[in-house]
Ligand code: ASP
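Quick setup: one chain, the form predicted on its own, written in structure tokens, and binding and motion questions come after.
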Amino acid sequence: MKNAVLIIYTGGTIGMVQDENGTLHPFALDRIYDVLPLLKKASYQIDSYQLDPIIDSSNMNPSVWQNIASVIEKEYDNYDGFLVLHGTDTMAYTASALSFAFENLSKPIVLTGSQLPLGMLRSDGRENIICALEIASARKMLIPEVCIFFENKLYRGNRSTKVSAQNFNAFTSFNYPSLAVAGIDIYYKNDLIAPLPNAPMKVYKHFDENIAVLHLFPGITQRVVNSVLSIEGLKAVIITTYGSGNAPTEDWFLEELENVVKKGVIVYDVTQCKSGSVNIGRYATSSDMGRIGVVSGYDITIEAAVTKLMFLLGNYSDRNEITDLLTQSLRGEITL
């Protein structure tokens, strides 16, 4: 039986082509063979699904994640893998969200995009699509993960982050190595890829948006901190801290955090550093965070932290269970 891949087109830079006047506009995905005629020689079947409406990734939100997850769930048994074409700005958020949406995933879900539109001569989108399709269709080297492929590297989706608005190598994974590298051949790093599950796939499509992110900076005032922590309906807040999880030790700051924790709001400590991990208690400036009940994010990315919180709050009701799951690696998103 011929391999088959479903392309899900959400929008973004990659889907732009030039008309006769040189104006860029989205192309209809059913014309992908016109844009990439080389795909006619592919040894696998390619089908497509286009979200309606397609959006710039800056407008990405949990309802679109639900839509993508629903399409994959519906078509799961009909395809060997899935390719999601996505704008780069929020691609790491969507990859992280989808990783939490699918438990016991046994097929590859690969996201890719481009820095230059397909309609431009130097577009990086052609190679990204072709390589991502090869990975999504490969039965011999099955990757049961949600991944991002960009500029000849395959990364675990919930470990990825966008690092450049200008360069073709726009993504990287600071705390986990790439899963594969594409050269003349595609070299897969078998020991880093998640094992195939031995349980049925389960899909979670609820994401609770009642969270906030408090980014610490020198000189942050109590008024700023309080304005975030006093948001009506707030269920959890991510504090992006310094270094290995450090924060101010001023009495007012710790009191603000302690008060909100006592109200049942989850406080999640995520480092501002791109590489490394939160280690609450390593320095005196973080020891009080542990005392008042702040939860360590370890080496999680901000994209994975946001989506993991939304996922847990949307599917679990017990606060203690949620805080416990935050400290576990559910889809390979943290190193313990």
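This structure is a prediction, so every number in the text was calculated from the model and none was measured. Residue indices: 1-based, along the sequence shown.
What follows is about the form predicted together with the named molecule, which we do not show.
Exactly one of the stretches 86 to 94, 241 to 249, 195 to 203, 258 to 266 approaches the named molecule in the predicted bound form with heavy atoms within 4.5 Å, and it is 86 to 94. For the options Thr161, Gln115, Asn175, Ser137, the one in contact with the named molecule in the predicted bound form, meaning a heavy atom within 4.5 Å, is Gln115. In the predicted bound form, the named molecule sits beyond 4.5 Å of every heavy atom of Asp47. Put simply, Ser57 is close to the named molecule in the predicted bound form: some heavy atom of it is within 4.5 Å.
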